[in-house]
Structures are given as C-alpha cells and as structure tokens.
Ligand SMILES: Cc1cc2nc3c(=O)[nH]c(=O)nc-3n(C[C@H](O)[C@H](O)[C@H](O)COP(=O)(O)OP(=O)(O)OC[C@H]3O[C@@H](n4cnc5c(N)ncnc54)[C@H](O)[C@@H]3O)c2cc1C
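For reference, the chain that follows is the form predicted on its own, supplied as structure tokens.
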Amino acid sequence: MSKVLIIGGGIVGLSSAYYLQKKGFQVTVIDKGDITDNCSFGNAGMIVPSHFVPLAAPGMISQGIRWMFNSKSPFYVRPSLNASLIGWGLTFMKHANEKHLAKSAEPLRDLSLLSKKLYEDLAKASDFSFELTNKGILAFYKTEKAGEEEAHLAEKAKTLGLDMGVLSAQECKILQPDLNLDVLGAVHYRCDAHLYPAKLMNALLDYLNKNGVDIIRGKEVDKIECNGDQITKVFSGETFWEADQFVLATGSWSPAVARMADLKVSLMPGKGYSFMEKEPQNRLTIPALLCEARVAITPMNGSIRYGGTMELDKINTRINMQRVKGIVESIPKYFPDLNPAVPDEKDIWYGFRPSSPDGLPYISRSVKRKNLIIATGHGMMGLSLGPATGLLVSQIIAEEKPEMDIKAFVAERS
C-alpha cells in the first residue's frame, strides 16, 4: 500500500486525507498545532461559486492604496522592505487587470462548483453533519457605486452559468423579514451555500480517526531531506517520517516549509478576524456580505459569526483592535437592530489566509520534487475550495485524470 504524508491539518489537508483514504492509500497527517487553531475552524463558513473574481482584480491597487490610510479599513498592507512582500506585490500588480480576470473566472468557477457538489455529497453521508444550508448569500450595498459594481458582477456571473439576482431593498426585506435593513439593495448569490466550520472539521477528523488515518498533532516540520528529485524524509526535531508521496498543505506557512525542499511558493499571509455573538431571535437566516465594508456575517449554531479584514503582513500574534472595531461599527449601518459589542481580545479569533499574488490557488505536482503535491494559496476561499482540492490531490497521486482542468493552478507559474 502506497504511503502518503500530508503536511498540514487544515481543510485542504484533511480533505486530501479523506479522498486518499477512500482510494486505499495509507495516509498520515502531521500538523504543527492541535488542528483546532487553524483557519478552517474560524472562518465564515461560506461556499462561494460567486467568488470567481480573483484577489488580483482590476481596481484593487487603487482601492487598496486608499484603504491603507484608514486604520479601520477592510484591507491593509504593512509597509516593509521584506523581499517576499515586494516580490508578491510586483506579481500582484502584473495580474490586476481585465485579461487576468477573464482568464481566471472559469477555472475558479469550476473549482468552486466541484467543491459545492462534493459538500452536498458529504452531507448525505450518515457520519457527516455540518449544517450545510443552501439559501445563498445576500451581498448588501448602501451606495449606487457599489450597486452598479454588484449588478455588473451578477451579469458576468450569468454568462458563466451562475445563479445570481439583483434585489431591491423591499425584495431583500421579504427574504429577511425579521431584520431591519438600511440598504439600497443586494445581489442574491443563489449559487452559494454555507455550513458550520467547526462541525465540518470535527466530522472529518472523526471519520479519519475511525478509518485508519494517522493524525499527528504538535509536530512542526523543521527539515526536509531530498535525494535528487525526490523527497525522502520529513523531520520534526529527532522524529522523521518517510513516504512514497508528500502533500504540502500548510496554508500561510507554505513558503517556509517549501524552502526546506529548495522550492519557492509565493504567498503572503492575509490576517482576518472573527467573533461570535449569541442570536436567540434567529433574525438573520441568510448569510450576508456587506459590500462597502467587506464584512461577512453568517448565522451559525444559534449564534452569528462576524468576520472580515485582510491584513497582509508577516505571521504574528498581534490583534489589531482598530480592525475589529471597523467590523463592529459597520454592522448597524446595514442592520440597525444588530449592534454587536466590541469583543474582548480573548474572544477574538484570528487566522491567516494564504494569498497567492495572482489570487489563484496552487494545486499541482511539483516539477522539481516529483513526489510532492503542492496544495495551498486558497486565500479567503480555503474552506469553500477544500473538498475539490482534496479530490484533485488524490487524483494526481493516484495518476488518474483530474476531475477538471488544473492548468491554471500549476504551482510553479510566473
């Protein structure tokens, strides 16, 4: 039986383990933490075929520069002479254009739709329960400019076969009758869905534990041994693991781990924050995106999860309370009856989205290390794209024809 070692226990690593185990591989997953502290547990739980526009999109450079001068804005890049950030930024600028958008839309759509289908299949299994709900997402806007941008997005989505519709404020009220709304309108991303991330991750872990996958926590990789074009051993201190195939699924830590195998993976960690508040009245039944504020709001297990911001910087443990206050202050501007308090620092979750400079994930076999598959760089869509990535990783390793064309996701691209 062929052995596969997966480095990283987030949604991509666990999904890869799931589909590899199904194909009969002997799988080990190692993670530097206890797995419950990664991005997959704290995100908004949205499954988003609507998000076919990559981060590197037209207008993002000028918008990002404006946001940088507002301490509560949804996007921030900490100025730095860091060579990785400079290189990332130059590549980002190269791709922030209409040509890249047009080239990226279909691959991102196909990856998202595959992932949504796989989530629906998982939800039918008796041993998986994670509150998958197909009500779509409402993207609310307050200004004419944002409304025009959303309407343009909806038209483009329709040409891609995605179900989206522009709604008036009154039509929004019909869908969310228990919420007081202060908006001009919304686009209903009917193609989208949502789930409860903690339940999903725990269901995956439970399945893998019961089906022979070895999950090792608290082991940070600090050395990778190679022989020619093959990885032979992965070390954590004096402990090492050998395998026939390896998967790099370490999210924002991927560049550092890749360097141990003499590989370059261009990523920047985009820090995001979230927090939960009880919502016994269940007034919000459809997840919401606040367009101008770039805030995500999801009903979840009797509570509401509020999340947002993209803070590009080195990995760190700082909590920027101004960013959190920016999230809190934006909410009653759209929903006057929702007034979450600024949470205590201990109640704020933060995580790092692994953001590639062109906004597309990396999903491919390495050219230089032929028994390594790179699966990272999903940005804010890690949970949304996890199952599709895991399935594709398993097909690459099994030398099967991938479920979809993955040329756009080749890891060693310029």
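Numbering starts at 1 and runs along the sequence shown. Just so you know, these numbers come straight off a predicted model, no measurement behind them.
There is another form of this protein, the form predicted in complex with the named molecule, and it is not shown here; the text below is about that form.
J.: Counting only non-hydrogen atoms, which stretch in 269 to 277, 80 to 88, 166 to 174, 237 to 245 is within 4.5 Å of the named molecule in the predicted complex?
T.: Only one stretch qualifies here: 269 to 277.
J.: To verify the annotation, which of these, G45, P49, P387, P361, has a non-hydrogen atom within 4.5 Å of the named molecule in the predicted complex?
T.: Spelling it out, the residue with a heavy atom inside the cut-off is G45.
J.: Looking at Y76, Y334, W253, F92, which has any heavy atom no more than 4.5 Å from the named molecule in the predicted complex?
T.: Flagged contact: W253.
J.: Are any of the heavy atoms in V27 no more than 4.5 Å from a heavy atom of the named molecule in the predicted complex?
T.: Close contact is absent here: in the predicted complex, V27 is far from the named molecule, nothing within 4.5 Å, heavy atoms only.
J.: Is V221 near the named molecule? Define near as a heavy atom within 4.5 Å, in the predicted complex.
T.: Heavy-atom contact with the named molecule at 4.5 Å: present for V221.
J.: Answer yes if any heavy atom of L122 is within 4.5 Å of a heavy atom of the named molecule in the predicted complex; otherwise answer no.
T.: Answer no; every heavy atom of L122 is more than 4.5 Å from the named molecule in the predicted complex.
J.: Would G59 count as a contact of the named molecule in the predicted complex, using a 4.5 angstroms cut-off between non-hydrogen atoms?
T.: So G59 does not count as contacting the named molecule.
J.: Under the 4.5 Å heavy atom criterion, name the residues of 374 to 398 that approach the named molecule in the predicted complex, in sequence order.
T.: Those in contact are H378, G379, M380, M381, G382, L383, S384.
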